[in-house]
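So this first bit is one chain, no partners, the form predicted alone, shown in C-alpha cells.
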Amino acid sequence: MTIDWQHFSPYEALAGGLLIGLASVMLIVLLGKIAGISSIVGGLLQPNMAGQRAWRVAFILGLLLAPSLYRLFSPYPTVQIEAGTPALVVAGLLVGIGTRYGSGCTSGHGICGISRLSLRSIVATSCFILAGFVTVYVLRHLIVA
C-alpha cells in the first residue's frame, strides 16, 4: 500500500479521529455500547437480537456513507494497494478470525478499550500491532525479498 504523503493533511486525519471519537462517545453515552465494529456486525448476524438491530444498522450505514459525505468536500486520497484480490480476501478472513479470538477488533480494543484504560484492550492492541509488524517484515523481507 502506498500513501500519497505529498497531499496528506494532518487536519483531515485530525477531523477523522475526532469524528471516530465523537461517534464512540455518543454510542457509549446514549446506548451504553462499545463501538467495536466486529461485535456490531456480529450482532447483526445473530438471530436473537431484537431491539438491537436499528442502532447496529444505523452505525454500519454511517460507516458506509461517510466516504461519500467526505467526497462532497474533498477528493478521495490516492491509495495504491499492491496486493491482489486473493491476498486481500485471505487477509480479511485472518482479521475476522483474529477479532473473534481476541474478543474484539482494533476499533473496540484500540479506540474504546484503551480510552477506558482496559488492560485487556491494551494487551490486545499491542498484539495487533506486533502481529502487523511481524507480518510486514516476513512478507517484505523474507518471502518477497
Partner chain sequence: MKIVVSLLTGLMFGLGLIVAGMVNPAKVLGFLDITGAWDPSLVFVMVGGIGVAAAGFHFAKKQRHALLGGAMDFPSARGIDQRLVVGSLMFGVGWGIAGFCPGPAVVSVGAGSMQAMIFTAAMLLGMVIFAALNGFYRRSS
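Note that the structure is a prediction, hence the values are computed from the model and not measured. Heads up, when I say rigid core I mean the largest set of C-alphas that superpose within 1.5 Å between the two forms. Residue numbers count along the first chain shown, from 1.
The next section is about a form of this same protein that is not shown, the form predicted together with the partner chain.
* Is there any non-hydrogen atom of M49 lying within 4.5 Å of the partner chain in the model of the complex? -> Because no heavy atom of M49 falls inside 4.5 Å of the partner chain in the model of the complex, the answer is no.
* Judged by heavy atom distances of 4.5 Å or less, which residues of 12-46 approach the partner chain in the model of the complex? -> Stretch hits, in order: E12, A13, L14, A15, G16, G17, L18, L19, I20, G21, L22, A23, S24, V25, M26, L27, I28, V29, L30, L31, G32, K33, I34, A35, I37, S38, V41, G42, L45, Q46.
* Is Y11 one of the residues whose C-alpha moves 2 Å or more between this form and the one not shown after the core fit? -> Yes, because once the rigid core is superposed, the C-alpha of Y11 moves 2 Å or more between this form and the one not shown.
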